[in-house]
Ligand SMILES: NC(=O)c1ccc[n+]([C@@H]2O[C@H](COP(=O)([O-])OP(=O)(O)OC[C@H]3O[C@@H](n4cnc5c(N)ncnc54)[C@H](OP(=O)(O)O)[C@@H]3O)[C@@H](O)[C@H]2O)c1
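The chain below stands alone and is given as structure tokens, in the form predicted on its own.
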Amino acid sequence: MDLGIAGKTALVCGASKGLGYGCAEALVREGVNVLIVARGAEALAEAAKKLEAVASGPSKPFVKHVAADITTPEGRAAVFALQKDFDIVVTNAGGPPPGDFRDWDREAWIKAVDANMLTPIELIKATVDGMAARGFGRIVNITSSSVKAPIDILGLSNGARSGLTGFVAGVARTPVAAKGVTINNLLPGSFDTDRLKGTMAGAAKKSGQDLDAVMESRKKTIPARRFGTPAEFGAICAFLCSVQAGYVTGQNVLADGGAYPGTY
């Protein structure tokens, strides 16, 4: 299927690896120009090289990268200094650490809200009007399955991402929706990423079990009996950015291998 987005320009955050990279690669394969951003300069440069290698087509898309912390005003300024306008924005920031809510002070909460709620809102604010003026825009926020089924040790993430979910539910239904702009959240369950491995390592340490045993135990809770891959997550993201998905907005798209047990 031709997604109809070749030649569009995308900003993909947290794209040096994992789910962010999966989204960037899927978009590049569709002929989308991408600017990728992440904090780690070395890993980001390597990711850019890999994306350049898969870029193809009659009009080969460009791949730009900037090493910056997108959760800061300075980081966002560095991004927009390199590329002013975007047709597609994929927001993504590393999730806050797991733990016991009794141990989190105000600073921990503010940091979580800054990264996982306020930063996506700032990126939406900076790009949505330009998208509306051009008659096309796609914003996809990578959040978490925890906004539907909270995870007790991920309270910082549960809270901050749920706040973003509520905001998007409103802003997606403003007049920008009539101007070709969609805003959706993409909720990953258990995907084979460094983030998952870190969370599982914490669970293994807490329980005294072997990490492999904890990983296998988690897989058994998923009807698909496996973890997702960044590539298949990226494919879902690319579809949400497509012209075919123009009638999908304000939605929370859950990709979790069937783990969420609810009807809705």
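Start at 1 with the first residue shown and count on from there. Since the model is a prediction, treat every value here as computed from it, not as a measurement.
Heads up, the form predicted in complex with the ligand isn't pictured, but that's what we're talking about next.
When you look in the predicted complex, the only residue of Val32, Leu51, Ile70, Leu35 with a non-hydrogen atom within 4.5 Å of the ligand is Ile70. In the predicted complex, the ligand sits beyond 4.5 Å of every heavy atom of Phe167. Proximity of Gly180 to the ligand in the predicted complex falls outside the 4.5 Å heavy atom cutoff. The ligand in the predicted complex is not approached by Arg138, whose heavy atoms all lie more than 4.5 angstroms from it.
The closest non-hydrogen atom of Cys241 lies beyond 4.5 Å of the ligand in the predicted complex.
The stretch in contact with the ligand in the predicted complex, judged by heavy atoms within 4.5 Å, is 138-146, chosen from 100-108, 138-146, 171-179, 82-90. In the predicted complex, just one residue of 159-186 lies within 4.5 Å of the ligand by at least one heavy atom: Arg161.
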